[in-house]
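Take a look at this one chain, the form predicted on its own, written out in C-alpha cells.
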C-alpha cells in the first residue's frame, strides 16, 4: 500500500479511472510523471496534461464537468488555488459544476523552493467560495478516503495533501470530529486539524486538555464539536494561515460562551527556508512550538 499521500493519490486515481468511465484527470505538467506508461496507454484520453498553464487547467476541468465528466485536478498548492483562483470562481463555482481539486506541497513541504511553492493562504481562499468542502487529511489512508468520497459526491472538494503524516489515522467517519484525549470539565479544548495531531498530542502531554481531531475544517462537524467541547476555551491548531478555521468553529459553538484562539502560520513571508522540518518549527507548528503557544496563552488569533 502506498505510504505517502502523493503516491496514494496516484494509486487511488488509477483505481477510479478503471472503475468510472466518467473520471478524467487534468494536470498542468506537475504530476504527469506519477502515472506509469501503462496507465497513460490505458487511460491516455482521460489523463490530460495542458502544460504549464494552470488557469487553462481549471478552465478545461470546468468544461469537462459541463459535459458530465468528473474531473480530478492536481498541482502544487499555489498553482491550483492562488494562480487560477478566478477560474475556480467562474469556471467551476459560478457555472454550478463540480471538481475535486487536490493540492500537494501545503505550507512547507517544498521548503527549498521558497515562497513560489508555498501557499498557507489556500484554505482561507477556498473558504471564500460557497459550497466547497475542504479536506486536510493527516495520513495516506485518510487522503485516500477523502479522494474516493469526494469523487463520488457530485460536489466540489478541495483536498490538501502534504508530506507530513500523523503516527496513525485517528478519524473514523469522514468529517466527524473525533476525541483523542479527554481533559477535565474546565480544561481547554485543542482542535487539531489534519497532520498536526501527533504533535498536538505530544505538546499536550501532562497538560489538562481535551484534544479533538478533524480532517474536514470546512464545513466543520458542528454537532460533534459542540458535544465534545466542555470548557470555555478552544484552541485551533491548523497547518495553514492562523485563524482560517475560527469562523467555522465560532459558528458551531455560537450558543455557548467561548473564547477561541488559533495556532497557525502568521508570517508566510519568511526569507530563510531551510528544510521542511526547520520551516515548520520556524512557524511554531512542531510539538515544541505548539506547547509554547499553549502555555503562554499568546496564540496568534483571539476572538
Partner chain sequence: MRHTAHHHDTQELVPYGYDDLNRFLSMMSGDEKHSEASTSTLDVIWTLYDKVLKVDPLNPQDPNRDRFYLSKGHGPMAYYAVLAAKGFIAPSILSAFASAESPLGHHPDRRRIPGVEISSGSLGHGLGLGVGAALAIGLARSQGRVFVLMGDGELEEGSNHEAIAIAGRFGIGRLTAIVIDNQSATHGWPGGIEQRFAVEGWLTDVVDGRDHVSIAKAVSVSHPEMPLAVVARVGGHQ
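These numbers come from a predicted model, not from an experiment. Residue numbers count along the first chain shown, from 1.
The same protein also has a form predicted in complex with the partner chain, omitted here; what follows describes it.
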- Task: Run the contact test on 174, 175 and 217 with a 4.5 Å heavy atom cut-off to the partner chain in the predicted complex and return yes or no.
- Result: no
- Message: If we define contact as a non-hydrogen atom of the residue within 4.5 angstroms of the partner, is residue 94 a contact of the partner chain in the predicted complex?
- Response: yes
- Counting only non-hydrogen atoms and a 4.5 angstroms cut-off, does residue 86 reach the partner chain in the predicted complex? yes
- Query: Is residue 31 a contact residue for the partner chain in the predicted complex, using a 4.5 Å heavy atom cut-off?
  - Reply: no
- Message: Using a 4.5 angstroms cut-off on non-hydrogen atoms, would residue 60 count as touching the partner chain in the predicted complex?
- Response: yes
- Query: Of 253, 69, 270, 246, which residue is found within 4.5 angstroms of the partner chain in the predicted complex when only non-hydrogen atoms are counted?
  - Reply: 69
- Based on heavy atom distances of at most 4.5 Å to the partner chain in the predicted complex, which listed stretch, 274 to 282, 46 to 54, 234 to 242, 259 to 267, is the contact stretch? 46 to 54
